Structure formats: structure tokens, C-alpha cells
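First, one chain by itself: the form predicted on its own, in C-alpha cells.
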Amino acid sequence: MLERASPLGAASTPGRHGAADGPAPVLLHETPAAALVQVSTFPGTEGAAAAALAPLGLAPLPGPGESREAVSGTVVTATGPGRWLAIDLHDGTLPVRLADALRAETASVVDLTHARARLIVSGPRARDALAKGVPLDLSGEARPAGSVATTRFAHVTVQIRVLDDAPADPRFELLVMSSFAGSLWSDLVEAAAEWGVACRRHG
């Protein structure tokens, strides 16, 4: 078995960075998904796809800008018309199970597990750090827990999902193409440095 390598490479350094007074108000860590799969239905096949996915606990599917936990450990997010992203934190067999459930004439199933990095940004100053690079209102009123948006942080395209919209300790999931993961990590550390950021990988 080959050990899975982090797409961050040498770009990330675990530990405390920036301001060093008190507990770090921004937490940044990499938590890879066991499986990440894009499902794209063909025109007119949405109903058939939903019926095929129902036995897997993946239907009804969320609408635009939404996500929901389909089954334990698996979250489905809507990323466009007839397109969803399934994220499984525990089971790496998801790509095979989805491909088996969906006929080729109904939808395409693309395994993006190694093509995306998954980062979590949390802490009392998480919104402030993200606001330096994201042109969106990330307040709980504008984007409650479960909201999903594809946007940019600085020059890097990211998908942001709100995991927790608590004012005092929000949590955000960022999915980014693996080749840009190191750049995004560095930008996030720089954005949070004025308050202090604690970084860790794989966990």
C-alpha cells in the first residue's frame, strides 16, 4: 500500500504562526476526505439519477447553494445544475458504489479524491481571516450552516461550505484543486497572522 501524500507538500508548516499572545483565534488544518466524487446528470435524467441514488441514502439531493448529510459521514453538495459533489470522510469505496448505482446514460461519475485538498478554517477570527480574500458575506445571517459557494480566495478558486455558523466559533470547509493547495494554505496563514493561527495537517 502506498501512503497517501499531502498535496500541500512543503508549503505548510505545522505549529503557531503570526501573533503569539493567548490561544490562537484562527485554526487551520488539513483533513483529507476518504473519497470525493462528482456526479453530473445528463439532461432529462435527474429523476432517474435520484431514484438510483436513493438506496445509497443520497436522495433527495440538495438544491443550489446547499449541502446536506445524506448518510453518516457522507455529505452531498450542489455545485451546479444537475451536478453534485459527494464527500465521504470515512469510506473510500464511494466512487465504486456510485458508478455501480448510476448507468452510463444517466450520469457521469468522476473520482476527484486525489484532485482536491480539503482544509478546515475555524476559530473566533476565522471569518475575519477569510474576509481578506473572499468577496462574499460569510456572516451567519447571509450564509447559515450548510451553505455552499464557489468563489475565490485571493487568486485561487475554492468551494466554501459553512460547517458551523456560530458567531463565536465558526467553521468552514474549503475544497481546492490539489495543485493550488500550497498557495491557498500560504495565503490563509498570511491573512490570519495578525491575530495568530495554529496550523496542523491530517487531522
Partner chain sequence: MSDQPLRMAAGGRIDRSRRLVFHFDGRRMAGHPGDTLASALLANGVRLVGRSFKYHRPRGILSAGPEEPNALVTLRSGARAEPNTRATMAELFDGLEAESQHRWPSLRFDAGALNDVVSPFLPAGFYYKTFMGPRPDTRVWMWFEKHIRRAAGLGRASTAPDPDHYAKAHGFADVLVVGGGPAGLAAALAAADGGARVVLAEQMPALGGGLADRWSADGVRWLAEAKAALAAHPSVTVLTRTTVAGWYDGNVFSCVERVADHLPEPAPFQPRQRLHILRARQAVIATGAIEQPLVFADNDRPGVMLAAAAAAFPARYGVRPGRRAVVATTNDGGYDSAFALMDAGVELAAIADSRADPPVWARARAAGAGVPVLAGWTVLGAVIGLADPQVCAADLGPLDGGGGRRVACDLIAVSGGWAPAVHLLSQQGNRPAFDTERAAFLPGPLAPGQHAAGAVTGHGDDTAQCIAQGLVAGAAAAAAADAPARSRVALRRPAPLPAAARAGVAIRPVGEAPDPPWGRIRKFVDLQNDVTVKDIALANREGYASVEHLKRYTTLGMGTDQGKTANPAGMALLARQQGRPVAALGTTRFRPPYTPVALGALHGAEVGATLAPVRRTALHDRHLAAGAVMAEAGLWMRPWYYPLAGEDMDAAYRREAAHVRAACGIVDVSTLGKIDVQGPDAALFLDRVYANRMDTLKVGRVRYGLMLREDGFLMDDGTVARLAETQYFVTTTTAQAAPVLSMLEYLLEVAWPDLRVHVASITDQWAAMAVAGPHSRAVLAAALDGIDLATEALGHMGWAEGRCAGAPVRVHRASFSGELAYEVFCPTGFGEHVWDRLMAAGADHDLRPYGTEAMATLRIEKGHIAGAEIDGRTTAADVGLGRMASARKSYTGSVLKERPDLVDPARPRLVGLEVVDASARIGNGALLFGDGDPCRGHGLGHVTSVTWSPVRGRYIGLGLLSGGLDRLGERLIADEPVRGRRSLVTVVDPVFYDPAGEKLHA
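Positions refer to the first chain, counted from 1. In this text, all values refer to a predicted model and were calculated from it rather than measured experimentally.
The following text describes the form predicted in complex with the partner chain, which does not appear among the structures shown.
This chain lacks the partner; the member of 33, 49, 70, 134 within 4.5 angstroms of the partner chain in the model of the complex by a non-hydrogen atom is 134. The candidate site formed by 77, 89 and 165 is entirely out of contact with the partner chain in the model of the complex, as no residue has a non-hydrogen atom within 4.5 angstroms of it. Using a 4.5 Å cutoff between non-hydrogen atoms, residue 4 counts as a contact of the partner chain in the model of the complex. With a 4.5 Å cutoff on heavy atoms, residue 120 does not count as touching the partner chain in the model of the complex; it lies far away. Although the partner is absent here, residue 147 is not a contact residue: none of its heavy atoms lies within 4.5 angstroms of the partner chain in the model of the complex. Proximity of residue 159 to the partner chain in the model of the complex: non-hydrogen atoms within 4.5 Å are absent; the residue sits far from the partner. Of the stretches 149-157, 50-58, 167-175, 23-31, only 149-157 has residues with a heavy atom within 4.5 Å of the partner chain in the model of the complex. For the partner-free chain shown, 177, 178, 179, 180, 182, 183 of 160-185 come within 4.5 angstroms of the partner chain in the model of the complex, judged by any non-hydrogen atom.
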